[in-house]
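Just one chain follows, in the form predicted on its own, and it is written as structure tokens.
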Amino acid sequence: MGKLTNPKAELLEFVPRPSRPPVVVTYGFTGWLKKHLFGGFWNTLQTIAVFSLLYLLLKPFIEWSVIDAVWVASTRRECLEISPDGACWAGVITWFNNLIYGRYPDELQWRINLGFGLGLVWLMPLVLKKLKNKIGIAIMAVVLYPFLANYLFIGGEPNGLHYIIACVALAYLMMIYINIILIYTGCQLLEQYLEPLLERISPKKAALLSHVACWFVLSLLIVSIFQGVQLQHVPIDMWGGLFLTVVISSFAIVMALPIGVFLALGRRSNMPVIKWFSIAIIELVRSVPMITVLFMSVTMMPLFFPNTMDLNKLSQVIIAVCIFAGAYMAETVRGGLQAISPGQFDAAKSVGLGYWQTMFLIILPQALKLMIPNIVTSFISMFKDTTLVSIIGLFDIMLMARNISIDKDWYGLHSEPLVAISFIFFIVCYGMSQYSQSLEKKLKTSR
């Protein structure tokens, strides 16, 4: 008899597989170039074609703006004598201070820097993780900071309601940073030291009363300290440049969202009067260009106010721009609200929430997450559209750039100022776009 074969041994016999190709590891700059630009024949061909086209397009601009440019000169004629084919950046450098601050006096421009610096200081605590009540800090910034900045920009006598509100705003900012120091040193908040005393008077409202009491004491302290400090008055007609553009666009950006939210909710309302009033405002404003709204605000708005009330042109423009931005934002908000599932409304009703609680606690937070790209796009468009105020005589950065060409020393200098302010607008708009992308990633808006 022959040998019996074991079937299990045949099944367990090892059969080697063919060797795999080595893993291609791309790292460093050369690896990135090979992966993204020269990964194959067609990829390499497209890369060469694109870079050749960019070279043909950018070569004349680089030669004009950098290689043949004139950076130091006293007049445009001198620029032409040095390099007739290059850009005359000397004129832009000479007028750069006016492009930023307009006709604001040079010796007082530190007030503008201080005003915007305080705005950044007010918003910085919003990124701290240990600090609570960030929504309250943001709301108070919207309500109080304009009075503080406006007093710094305009100046005047250290008395009156405007000066008192500015001191109250500065006191609130000081209290925020005192509490930040106390939090990070492991101590109690400033108002918590007064709570045991005020609990005897009103146990339920002791926290609120202690907060108001600390705020009031700091306000009195600041009023007494700055009582003898007088800021030189600067008329609003002297405002201009990028400073004026930022002021107008900031008001439009801040007020666009709340105006848009209430108009969008009004358009969805079941009350006919509110619904048709909101629709009328939205459709009327969106059916005309922004320049029409600006002209109507300057010419017709004074007719709706008493003769004794004198509105300056900047106030009229800010009101018009805020309404215009709010009407466009209303449609963005309405689109975000329609993206929310009806089940969210039913779930809110099932737990006993009212209309406003449902909107502000359940629906709007979800809708605003979805609307971040559209909201930022509207903000960027609004920041660029504010240059239209130059047509009605406000010396924003666009009008200041045009004035360079009529200066006797730089007569005919048109292209260089426009290129310079285009670069400034690109930096601001690109920064807003990048912040919106980081905010989307942080909030994880993707479903």
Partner chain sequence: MSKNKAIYNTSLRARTIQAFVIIISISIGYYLLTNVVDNLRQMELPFGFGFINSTAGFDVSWSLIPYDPSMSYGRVYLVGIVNTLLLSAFIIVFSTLLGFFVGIVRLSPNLLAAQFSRWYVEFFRNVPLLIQIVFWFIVVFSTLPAPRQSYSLFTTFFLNNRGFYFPAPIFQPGFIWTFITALSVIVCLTVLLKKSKSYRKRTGNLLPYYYPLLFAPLVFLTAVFVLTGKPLHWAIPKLTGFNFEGGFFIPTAFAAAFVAMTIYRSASIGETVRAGIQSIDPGQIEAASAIGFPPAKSLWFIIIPQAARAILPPLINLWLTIVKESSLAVAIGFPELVSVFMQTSLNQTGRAIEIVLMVMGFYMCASLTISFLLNQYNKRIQLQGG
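For clarity, every value in this text was computed on a predicted model and none was experimentally measured. Positions refer to the first chain, counted from 1. For clarity, a rigid core is taken as the largest C-alpha set superposing within 1.5 Å between two forms.
Keep in mind the form predicted together with the partner chain is missing from the figure; the text below concerns it.
Per-stretch contact check against the partner chain in the predicted bound form, the hit in 220-228, 362-370, 150-158, 276-284 (non-hydrogen atom, 4.5 angstroms): In short, 276-284.
Partner proximity in the predicted bound form: Asn307 to the partner chain, non-hydrogen atom cutoff 4.5 Å: Looking in the predicted bound form, residue contacts with the partner chain include Asn307, since a heavy atom lies within 4.5 Å.
Heavy atom of Tyr411 within 4.5 Å of the partner chain in the predicted bound form: Close contact is absent here: in the predicted bound form, Tyr411 is far from the partner chain, nothing within 4.5 Å, heavy atoms only.
Contact of Ser65 with the partner chain in the predicted bound form (heavy atom, 4.5 Å): It does not: once the partner chain is placed as it appears in the predicted bound form, Ser65 has no heavy atom within 4.5 Å of it.
The partner chain contact in the predicted bound form: Leu108, any heavy atom under 4.5 Å: Outside the cut-off, so no.
Partner-contacting position among Ile201, Val72, Met300, Val127 - heavy atom within 4.5 Å of the partner chain in the predicted bound form: So the residue touching the partner chain in the predicted bound form, by this definition, is Met300.
The single option of Ile135, Met271, Leu120, Ile181 touching the partner chain in the predicted bound form, heavy atom within 4.5 Å: Checking each option against the partner chain in the predicted bound form, the one that comes within 4.5 Å is Met271.
Contacts with the partner chain in the predicted bound form, stretch 142-171 (heavy atom within 4.5 Å): Counting only heavy atoms within 4.5 Å of the partner chain in the predicted bound form, no residue of 142-171 makes contact.
Pro306 C-alpha relocation of at least 2 Å between this form and the one not shown, rigid core basis: Indeed, Pro306 is displaced by 2 Å or more.
Rigid core superposition, Leu418 Cα moves 2 angstroms or more between this form and the one not shown: Where the cores coincide, Leu418 shows only a C-alpha shift between this form and the one not shown that is less than 2 Å.
Core-superposed C-alpha of Thr47 shifting 2 Å or more between this form and the one not shown: Yes; Thr47 is a residue whose C-alpha shifts (by 2 Å or more) between this form and the one not shown when the cores are overlaid.
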